[in-house]
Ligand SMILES: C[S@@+](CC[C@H](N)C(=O)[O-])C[C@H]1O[C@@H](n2cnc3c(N)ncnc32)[C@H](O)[C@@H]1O
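Given next, in structure tokens, is a single chain: the form predicted alone.
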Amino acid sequence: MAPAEMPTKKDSYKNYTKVAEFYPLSVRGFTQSEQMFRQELSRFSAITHPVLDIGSGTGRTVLAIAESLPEVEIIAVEPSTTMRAVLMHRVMQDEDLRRRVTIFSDPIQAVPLPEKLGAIVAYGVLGHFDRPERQHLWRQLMPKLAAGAPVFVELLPIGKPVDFEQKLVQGEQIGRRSYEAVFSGKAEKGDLLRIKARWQISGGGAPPCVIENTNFWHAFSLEDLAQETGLQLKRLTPESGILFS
């Protein structure tokens, strides 16, 4: 692959623009991960420091945190304008969320953080960072973790770069239209995966249309994260777990 084809970090945030509307459909396959996240998070009811949510997307983790920890402050970080617009809309519809959720558009490295964090949530985001970037991130965040504070993580269930193709969404019906999505991956240099999403929308009397999107993901395991952070790992699902001291 020619270097010119590689996206910059800014480009990687923009890569969500074409498919942001389909995000709620694509994460339906991770229902167990979200259920386990809510269940485990509710066990940390003693958390008093703010919870940092890296890569909040359209708000699924923000809502889970808010409902599982009814009093805690939430710092939501989402650089994608399209995804953040949905997040902002969700927060604005709820007086309690407006009081507790602070939204930042900057990359996490540039976000002003409080002295202490009660927990960190990084669902579906850490693969956008290569190993040196992750190491820099951990050096920034780990000193801020309160004693015993958990780090909740969710990755793609792919521990190393491999070619794959998977129908992630099949015949999901919304009104008169049907949605299908095929995700395919191509192993690139090092730990990098080139991931292509192909969405096909049909029905409702309109001609079928296809929307395609390409993004990049560094493939590594939850065990790799535990080693990087020096924390212990409790696996929740094949793609998610808790890191703790």
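All residue numbers refer to positions in the sequence shown, first residue = 1. This structure is a prediction, so every number in the text was calculated from the model and none was measured.
Only in words, not in the display: the form predicted together with this ligand, which the text now covers.
- Message: Let me test this: is every residue among Y16, T61 and E78 within 4.5 Å of this ligand in the predicted complex, going by heavy atom positions?
- Response: Yes.
- Task: Would you kindly say which of V91, I108, L117, V169 lies with a heavy atom within 4.5 Å of this ligand in the predicted complex?
- Result: By the 4.5 Å heavy-atom cutoff, the listed residue in contact is I108.
- Query: Among the candidate residues I158, M83, L141, V72, which is the single one with a non-hydrogen atom no more than 4.5 Å from this ligand in the predicted complex?
  - Reply: Here the answer is residue option M83.
- Would you point out which of 144-152, 160-168, 93-101, 117-125 contains residues with a non-hydrogen atom within 4.5 Å of this ligand in the predicted complex? Single hit among the candidates: 117-125.
- Can F22 be called a contact residue for this ligand in the predicted complex at 4.5 Å between heavy atoms? Flag for F22 set to no.
- Task: Answer yes if any heavy atom of G57 is within 4.5 Å of a heavy atom of this ligand in the predicted complex; otherwise answer no.
- Result: Residue-level check for G57: yes, a contact with this ligand.
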